[in-house]
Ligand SMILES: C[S@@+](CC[C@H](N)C(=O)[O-])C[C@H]1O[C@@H](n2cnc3c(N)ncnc32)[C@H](O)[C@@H]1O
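Only one chain is given next, in structure tokens, and it is the form predicted alone.
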């Protein structure tokens, strides 16, 4: 994370329900035969996914890890009974192992997934579970629009390389990666169709996630212009419905591995 470019938890949580639903769906899918005593939430953000985990397993000890100081501070204030750690997930180590290692919409920010998944495997107890969801943001029109705007002459120099902030693999890659180490694996994709209040809500949504690397490179006045240019183009792919709402389809890949 670049200095001074930390995350904005309040902007992120503006869409709390929509962002948390994939965590809830992934948690429901976990078929574990015992009550887990310890859970690790990788890329826990402000703690919304962590609380979904604890609603299912309230007696578990939960540890949340995120490289954002702002996100961890928000999690500490909101949920002081859990353990919150500021750390780079790709470098995080622990003498303890966990019954569940969980991550919702975080590993796309972490490179070298072959190495990352080995690290996560080594953090899981025997008979434990790895459960991960990954946004397929690169398959969505908004991602292509952001990249198209960024490639314009006005923005190209400042935003070159921003797309490299994301690690993107297909589901075949992850299947090969997980099936080699886990006794049983489950994979699925879901298209969530979020009902938003306006087209600008898509800008608010992505400015705290997929558009963030681009905006971080720009001065404040340029950020607004960049957002305006993205907004002017999304109107073709995300039209206003008859009742004034805007539909925002969002694809996510889910994977569960049983050790």
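Residue numbers count along the first chain shown, from 1. Quick caveat: nothing in here was measured; it's all calculated off a predicted structure.
Here the subject shifts to the form predicted in complex with the ligand, a form of this protein not shown in this document.
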Each of 130, 176 and 185 near the ligand in the model of the complex, meaning some heavy atom within 4.5 Å? no
So if I measure heavy atom distances to the ligand in the model of the complex, which of the stretches 108-116, 137-145, 155-163, 177-185 falls within 4.5 Å? 108-116
Decide whether residue 43 counts as a contact residue for the ligand in the model of the complex under a heavy atom distance cut-off of 4.5 Å. yes
At 4.5 Å between heavy atoms, is residue 89 in contact with the ligand in the model of the complex? yes
When the contact criterion is heavy atoms within 4.5 Å, does residue 120 count as touching the ligand in the model of the complex? no
In the model of the complex, does residue 248 have a heavy atom within 4.5 Å of the ligand? no
Determine the residues of 8-35 with a heavy atom within 4.5 Å of the ligand in the model of the complex and present them in sequence order; the list may be empty. 12, 19, 23
